[in-house]
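Okay, here we've got a single chain as structure tokens, the form predicted on its own, with questions on binding and movement later.
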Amino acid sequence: MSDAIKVGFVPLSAAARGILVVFCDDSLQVGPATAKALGGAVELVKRAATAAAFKGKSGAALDILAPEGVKATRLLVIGAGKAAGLKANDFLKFGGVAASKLPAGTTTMTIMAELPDGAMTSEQAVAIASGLRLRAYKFDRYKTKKDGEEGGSRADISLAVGDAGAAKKAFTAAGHVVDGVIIARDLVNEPPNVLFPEEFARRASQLRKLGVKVEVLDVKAMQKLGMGALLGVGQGSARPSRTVIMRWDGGKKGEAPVSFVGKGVCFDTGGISIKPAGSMEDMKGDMGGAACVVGLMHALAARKAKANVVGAIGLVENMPDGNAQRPGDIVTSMSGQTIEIINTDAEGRLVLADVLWYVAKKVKPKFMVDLATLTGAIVVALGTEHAGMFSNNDELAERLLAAGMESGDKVWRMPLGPEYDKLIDSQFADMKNTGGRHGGSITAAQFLQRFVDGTPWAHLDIAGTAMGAPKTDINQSWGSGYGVRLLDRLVADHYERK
């Protein structure tokens, strides 16, 4: 687990302990403090680089065992590429590369947070520290044998920086965001027999310890509210559904909050429209949107964000028992709009429909952003590099796009338009819950738009990014925790009191 890594900050002049990590640019130049620490080993690095065809490209690593003249067990040189124009994501990657080189067992490492032009900023050093923790994360709580696995069991890492005090202070807030990502990853990775709606609600309720107000709506409460779309999805399960409303009041009293809504289908068989058996086990991750919202609320509350924020998640299990809803059923949503069920595997939008309406009417936020592992169609369109973004508000969409580029949780805007509405018109009800194969992610978004009541809104389809995405420099987990850093950045940049 990533909590096996301890990260601290020391002055650049501090003596190195254990593995020494330094940075060079694409001409193999190092900073002045690094050159002093290496001494005569600078020439050794150049000879080793030539032998290994190491060019100092961004993220490349040169590993030298027991380097002569350096008081270190190993010397790891990480390429920074062209030092000009480096972004926060680059430093996250550098931290991930360093973590990937940790041996099994107990170890120490010193990282010289310096580039050829001098010491890194505190923010850059903090990004390295965050990358270390994110890369080191493992979900291994159900393994009985853990020795010898990549990443080791204990690591004590010191970042040598220009201003250790400032870096330590900055990492306090950044560390809470990393914790939020880890919480989201844990939730997505949990097996479905452990994490069902009631247990998910219980874990979300633990946010109360941070000052978050948490309200859990049970089936009876949702029936009273008329949440027939959400309840229809969960009626085939022995596990009762839940909706959880989380409120963090860190902003100006009485100011309208910003709101985030997550799809939480704890397991999705497809219901009566049952999925093929192949890879059905992956459907434990169909609550990635809800996991993100809980992780985000943790991050915001733990770092005491100066904003009013409401997180809302709909938690269900979609199962095919004798009480499950059928294709052809018509349900009435909390909005009063009726929905013909064409395919019971198009269930996430039904859950979100009621939760979006609840938030729009009861919370009256400045905006709503929902996250959902909603459609396979978005994976076909965008692969696993970007989440699909749909929005009725250009300003919100542009801010999300910018936050995605800064955080690395990238989004790509997709179209909405009345022409697509025709595909979900029903001859028996106000609408049907699927519009067929063509434009499947778009018609799903069009469906959701009918439940936002004119509130500025963005829908993020994270089916390709929240679970099972390819491994990266900062994530080796099946559950990625996608969206926590994206939305924390959105709030920090635009919606916190300065």
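Note that the coordinates shown come from a computational prediction; the quantities given were computed from them, not determined experimentally. Numbering starts at 1 and runs along the sequence shown.
Form predicted together with a small molecule: not shown, discussed below.
Participant: Heavy atom within 4.5 Å of the small molecule in the model of the complex: which of Val30, Leu448, Ala463, Ala37?
Facilitator: By the 4.5 Å criterion, the partner-contacting residue is Ala463.
Participant: Under a 4.5 angstroms heavy atom criterion, identify the one residue in Arg203, Lys275, Lys361, Arg154 near the small molecule in the model of the complex.
Facilitator: In short, Lys275.
Participant: So, Ser259, Val369 and His459: all three within 4.5 Å of the small molecule in the model of the complex by heavy atoms, or not?
Facilitator: Contact check failed for every one of Ser259, Val369 and His459.
Participant: Quick check for you: of 412-420, 194-202, 160-168, 275-283, which stretch puts a non-hydrogen atom within 4.5 Å of the small molecule in the model of the complex?
Facilitator: Looking at the other structure, the answer is 275-283.
Participant: I'd like to check something about Asp345: if you look in the model of the complex, is any of its heavy atoms closer than or equal to 4.5 Å to a heavy atom of the small molecule?
Facilitator: Looking in the model of the complex, residue contacts with the small molecule include Asp345, since a heavy atom lies within 4.5 Å.
Participant: Given that the small molecule is not shown alongside this chain, does Ala377 nevertheless sit within 4.5 Å of it in the model of the complex, heavy atom to heavy atom?
Facilitator: The answer is yes: Ala377 has a heavy atom within 4.5 Å of the small molecule.
Participant: In the model of the complex, does Met467 have a heavy atom within 4.5 Å of the small molecule?
Facilitator: Output for Met467 is yes: heavy atoms within 4.5 Å of the small molecule.
Participant: Does the 4.5 Å heavy atom contact test between Arg349 and the small molecule in the model of the complex come out positive?
Facilitator: Although the small molecule is absent here, Arg349 would touch it in the model of the complex, with heavy atoms inside 4.5 Å.
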